[in-house]
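One chain follows as structure tokens, the form predicted on its own.
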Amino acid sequence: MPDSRPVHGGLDVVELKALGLRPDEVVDFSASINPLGVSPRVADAIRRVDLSAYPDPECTALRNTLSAHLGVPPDRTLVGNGSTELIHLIASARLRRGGPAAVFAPTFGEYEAACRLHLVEPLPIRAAPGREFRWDIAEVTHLLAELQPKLVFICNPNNPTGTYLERNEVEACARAVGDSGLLVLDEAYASFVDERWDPAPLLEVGNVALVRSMTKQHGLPGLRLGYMVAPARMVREVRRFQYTWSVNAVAQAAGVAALDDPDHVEKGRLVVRAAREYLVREVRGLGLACTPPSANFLLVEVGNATALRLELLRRHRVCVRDCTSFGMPGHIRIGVRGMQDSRRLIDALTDVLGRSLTSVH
């Protein structure tokens, strides 16, 4: 049986070996991570972890730190082994008795995968490319009110399109879902949005859960760490499906240290902002259509994404995200890195596009 798991960004070590490349010589634009990497405070905290002791199954220190930073009681937070675990836990809690589900698409593949594991085929609510991948919220709310789904997933800002919905749009969707459903707002990339709105008031609607990744803003993808903020009853409902010691001691310590170093995130945001402006300008200068970005990645129309990605990797040792798995074979996603790496990418794109490869255009 073929592997039907969702495709994600990040380097594929098997592919690199087949191409004769080492991971340390490839510049990875396929993942969207804080370009500054891990905070020195996090590195210090990791070194002090006692690996001979069991981790706290309740993640007490990290949840208390989250509580202080977010201004919510600890019982309204749940820490997970990456936001992906939380997505699957929520699906387990909400879809165990069946019922319809919906996904704002094109988007992160784990939402659909989580639903399908519970034998639920989610309804994709597709954005229109001609509207810069924005949804018609009036049409969407009408559809949600009719469907009354048990579960709705919205990635905001959306991966890979960068679409960022405003508070009134998300709130309208939540109210259309109704009391029997749950709207999950995945804010994995929200910390890189320049004009971000506060989603906390949405929790008072009663059927909204916020899911956040700590891997993106704090540069911790290797540790897998995320959290959910929701009404306490919802947290209890989802927590029932989480196995003991889901979050290891190193990840818990790293999370506490990362939250105590907000300057590291802010410095990363500034690097992203400058490099993002440069990349948008240069990519469009190459004659490529680039959807207006809101976070730390760009969606670029290139013609044949698979061919272009492979040429960039082979010839220049830079890796971008082929969006074919999103149902967008003509697009690539570029994770924003620092200026030096960004210049290397533009030089590589200029060279590959200049070769007028028939497989690319």
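What you see is a predicted model; the values in this text were computed from it and never measured. We number the residues from 1 along the sequence you see.
In what follows, reference is made to the form predicted in complex with a small molecule, a form of this protein that is not presented.
Counting non-hydrogen atoms within 4.5 angstroms of the small molecule in the predicted bound form, say which of Gln252, Thr291, Thr215, Ser246 makes the cut.
The residue from Gln252, Thr291, Thr215, Ser246 that makes the contact is Thr215.
Please identify the residue among Arg224, Arg134, Arg273, Lys267 with any heavy atom within 4.5 Å of the small molecule in the predicted bound form.
When the small molecule is considered in the predicted bound form, the option within 4.5 Å is Arg224.
Heavy atom to heavy atom, is Ile87 within 4.5 Å of the small molecule in the predicted bound form?
Ile87: contacts the small molecule in the predicted bound form.
Quick one: does Phe192 come within 4.5 Å of the small molecule in the predicted bound form, counting heavy atoms only?
No.
Indicate whether the small molecule has at least one heavy atom within 4.5 Å of a heavy atom of Thr77 in the predicted bound form.
No - in the predicted bound form, heavy atoms of Thr77 and the small molecule never come within 4.5 Å of each other.
Is Met228 part of the interface with the small molecule in the predicted bound form - any heavy atom within 4.5 Å?
No.
For the chain seen here without its partner, which of 120 to 128, 89 to 97, 282 to 290, 103 to 111 has a heavy atom within 4.5 Å of the small molecule in the predicted bound form?
Selected stretch: 103 to 111.
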